[in-house]
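As structure tokens, one chain now follows by itself in the form predicted on its own.
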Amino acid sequence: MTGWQDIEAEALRRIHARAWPPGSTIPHEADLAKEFGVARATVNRALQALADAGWLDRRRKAGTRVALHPVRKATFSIPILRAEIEGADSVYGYRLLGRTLEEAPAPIAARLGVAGALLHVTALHLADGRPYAHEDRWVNVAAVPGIMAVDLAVASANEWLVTHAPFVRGDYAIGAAAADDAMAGVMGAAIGAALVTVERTTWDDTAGITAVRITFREGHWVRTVI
């Protein structure tokens, strides 16, 4: 074994096989490093990955135990809507609806932790000529100044940010919103129809990057991996 992923896989095998039963204390990092012939830092990274996934409970001075009740965590990725649509064998279309520098509403400014003018982008993503998702996005230009040079009538803010603006953390909320007159008209839905809505905010080390609200057409499903 040479990589931390190898150590992680073997440790998870031992947990599943009950070689390390729930609630038991596992061997010390130094002992595992000697057993596997790797550096202690490699073992530490593997065990931390398992702790992040809910399999281990790590506490200073108390050692590392196998979790009594492992909490599996869902993995969310930020989709590129063009790739998502094309991956469903549909023809992708895109329409920029608005691009302005303006003062953000107080809730958006609070989410991003910034004040002043932000880039406000609204756009419509289409599948086979039909509305698929409406994008309402605020971008902190100070965090990603390069976006000001992008022709957002050609390249969507969604795709540009996914490929050019790495983030270190974010939040993700999924709900259903009743379509008002404006959204019903844009999405071709009935007024009051329940539309799946995703709100997402991402940050780099120092500041918020973007806050976006994406509203999908009727019948949309959000799937993830656990």
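Residue indices: 1-based, along the sequence shown. Note that the rigid core is defined as the largest set of C-alphas that superpose within 1.5 Å between two forms. Only a predicted model underlies this, so the values are computations on that prediction, with no experimental measurement involved.
There is another form of this protein, the form predicted together with the DNA, and it is not shown here; the text below is about that form.
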*Report whether all of S90, R95 and L124 sit within 4.5 Å of the DNA in the predicted bound form, measuring from non-hydrogen atoms.*
no
*Interface membership of E29, the DNA in the predicted bound form, 4.5 Å heavy atom rule*: yes
*asked:* Contact with the DNA in the predicted bound form for A62, defined as at least one heavy atom pair within 4.5 Å: yes or no?
replied: yes
*Interface membership of T224, the DNA in the predicted bound form, 4.5 Å heavy atom rule*: no
*4.5 Å heavy atom contact, V38 and the DNA in the predicted bound form*: yes
*Select, from the options 161-169, 178-186, 193-201, 42-50, the stretch whose residues sit within 4.5 angstroms of the DNA in the predicted bound form by heavy atom distance.*
42-50
*asked:* Tell me whether A51 is among the residues that move between the shown form and the other one (Cα shift of 2 angstroms or more, core superposed).
replied: yes
*asked:* Once the core is superposed between the shown form and the other one, does A173 show a C-alpha displacement of at least 2 Å?
replied: no
